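One chain follows as structure tokens, the form predicted alone.
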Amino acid sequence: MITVKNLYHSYTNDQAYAVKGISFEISKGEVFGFLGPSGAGKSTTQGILTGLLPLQKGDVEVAGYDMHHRKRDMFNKIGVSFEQSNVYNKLSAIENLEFYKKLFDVNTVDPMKLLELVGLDKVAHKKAGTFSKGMKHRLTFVRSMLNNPELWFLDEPTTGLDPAIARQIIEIVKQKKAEGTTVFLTTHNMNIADELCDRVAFIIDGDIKLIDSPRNLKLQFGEKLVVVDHIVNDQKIQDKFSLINKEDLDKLNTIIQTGRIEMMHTKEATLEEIFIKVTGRGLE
């Protein structure tokens, strides 16, 4: 669904590149995470892929369209949910969706059903200007689903949402993935990326450092540990043991046989820990 080869972009039309020769491919039905801190090049790349920024240097194909020659038809196939909500405040929620669906040349989803998905059906006829930031974000999210897109761009889809609503959004994305929708997810939330993505790309300072599945990254970069909460001399102690170190394995076996274990679980590296290990940078 997406092919990017040797992509560069400069906002100042010089050698100060925000994106520096990146390349990647995304298959149909894949959820691809584009992960990095603010200013890493995530939004720039998404802007080029969605046609909001001109393609300056490199080759990009999106949903079968060459981005050197953007065509209006492409927008019937893609949906974009921006991190910054850009709804019409003087229109109601339902009016926002009704207006937006007229821009498409394909069949659209019933706006009321979309509002129901994210709990906005009860305020469907209230002006968006009266909505909280989270409500506007939900409206922007479902607006991106109006044309039932084949390729769905999600920019920080759970930002500013309470945990229950964020969980709803995640489950909707999972459902669309099951239906075959391709998702390009830009985020710095590694927990969401870990749960949703088939593959992730780590980008920092305009460069992609690596691309792989979350599972493979954990196997490659994560330590294999067991965390044990146990009782020693009537005191609660937590110990960590390596599963590849013989001395640690012997100690763990002794505790299993003779100790009073309260809890025991394996500990895998998080994507955030791996990102910091690979890039030397945090996500803020």
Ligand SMILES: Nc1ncnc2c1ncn2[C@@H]1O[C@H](COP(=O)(O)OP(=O)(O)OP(=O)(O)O)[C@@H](O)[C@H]1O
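Values in this document were obtained by computation on a predicted structure and should not be read as measured data. All residue numbers are counted from 1 along the displayed sequence.
The following text describes the form predicted together with the named molecule, which does not appear among the structures shown.
Only one of 136, 177, 101, 188 gets a heavy atom within 4.5 Å of the named molecule in the predicted complex. Which one?
Of the candidates 136, 177, 101, 188, 188 is the one lying within 4.5 Å of the named molecule in the predicted complex.
Could you work out which of 64, 37, 29, 54 is the residue within 4.5 angstroms of the named molecule in the predicted complex, going by heavy atoms?
Checking each option against the named molecule in the predicted complex, the one that comes within 4.5 Å is 37.
With the partner left out here, check for me: in the predicted complex, does some heavy atom of residue 83 sit within 4.5 Å of the named molecule?
Judged by the heavy-atom cut-off of 4.5 Å, residue 83 is in contact with the named molecule in the predicted complex.
Could you confirm whether residue 33 comes within 4.5 Å of the named molecule in the predicted complex, counting heavy atoms only?
Output for residue 33 is no: heavy atoms all beyond 4.5 Å of the named molecule.
At the 4.5 Å heavy atom threshold, is residue 156 in contact with the named molecule in the predicted complex?
Within the cut-off, so yes.
Wondering, does residue 269 line up within 4.5 Å of the named molecule in the predicted complex on heavy atoms?
The answer is no: residue 269 has no heavy atom within 4.5 Å of the named molecule.
Name the stretch, out of 250-258, 66-74, 42-50, 226-234, where some heavy atom lies within 4.5 Å of the named molecule in the predicted complex.
Contact-bearing stretch, as computed: 42-50.
Hey, which residues along 1-24 are within 4.5 angstroms of the named molecule in the predicted complex, non-hydrogen atoms only?
Stretch hits, in order: 11, 18.
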